[in-house]
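The chain below stands alone and is given in structure tokens; this is the form predicted on its own.
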């Protein structure tokens, strides 16, 4: 089982992730070309202005109104992206397979970042369950995606500290990571692919057409 999930299934998940992402980006490009108000309104100046404002914590009015949500959201996304990329154990696997390696996080820092992702996921879950205005627009798929995003970090944390049967948790960790990669292009997790483009368009429309700000 371990040999399969850490071998062929890794290849399959990366192929689906990369292929699916390229397909979705190409599809978005084709749809945008058909619309007469997308590319003609795109502005490098206003697009970059909007992107910069939305990647800086508390740069928008909405962020300043919800400080806890802002801090949690930024911490969640930063740790979710950086931890698996710069994790020492992942780096070792890359070196063993491809003879490539890069800078890694100290293990203690990676452990803290993993805990941040786990706590943030539970915060988002509680928010969907408790706040009526959020629960109203929450669907079963939102809970499923939250679990999919949480699972690799929770199982990775358990495997690192070896609090449960190590081999079983390690297999679950690998499987959950592969599942997350596979679903990214085809679910709302694809916002990580679209963020730059949608933000650039919104910024262009508000800045160049409406002469206003979108933050």
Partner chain sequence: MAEPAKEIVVDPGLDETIKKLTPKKIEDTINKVLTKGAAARLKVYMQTCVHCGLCSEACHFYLSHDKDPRFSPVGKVKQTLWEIVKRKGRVDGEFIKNCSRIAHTECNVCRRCSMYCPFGIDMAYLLLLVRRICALLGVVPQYLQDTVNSHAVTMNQMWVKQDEWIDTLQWQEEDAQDEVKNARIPLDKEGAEIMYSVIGPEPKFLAQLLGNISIIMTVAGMDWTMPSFDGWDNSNMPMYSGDFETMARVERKHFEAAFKLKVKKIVMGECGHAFRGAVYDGPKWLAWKEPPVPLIHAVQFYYELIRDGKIKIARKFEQPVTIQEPCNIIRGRGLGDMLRYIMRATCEDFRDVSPRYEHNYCCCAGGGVINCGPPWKKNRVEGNRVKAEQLKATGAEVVITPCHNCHSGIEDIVNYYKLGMHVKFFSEILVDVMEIPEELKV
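Positions refer to the first chain, counted from 1. These figures come from a predicted structure and were not determined experimentally.
As for the form predicted in complex with the partner chain, it is not shown, yet the points below apply to it.
Using heavy atoms and a 4.5 Å cut-off, decide whether 15, 108 and 113 all contact the partner chain in the model of the complex. Per the other structure, none of 15, 108 and 113 touch the partner chain.
Among the candidates 119, 71, 78, 134, the residue which, in the model of the complex, approaches the partner chain to within 4.5 Å (heavy atoms): The residue in contact is 134.
I'd like to check something about residue 46: if you look in the model of the complex, is any of its heavy atoms closer than or equal to 4.5 Å to a heavy atom of the partner chain? No - in the model of the complex, heavy atoms of residue 46 and the partner chain never come within 4.5 Å of each other.
Might residue 157 be said to contact the partner chain in the model of the complex, defining contact as any heavy atom within 4.5 Å? Contact check for residue 157: no, nothing within 4.5 Å of the partner chain in the model of the complex.
Contact test in the model of the complex: residue 38 vs the partner chain, heavy atoms, 4.5 Å: Residue-level check for residue 38: yes, a contact with the partner chain.
Can you tell me if residue 164 lies within 4.5 angstroms of the partner chain in the model of the complex, counting non-hydrogen atoms only? No, residue 164 stays farther than 4.5 Å from the partner chain in the model of the complex.
For the stretch 82-105, which residues lie within 4.5 Å of the partner chain in the model of the complex by non-hydrogen atom distance? Sequence-ordered list is empty.
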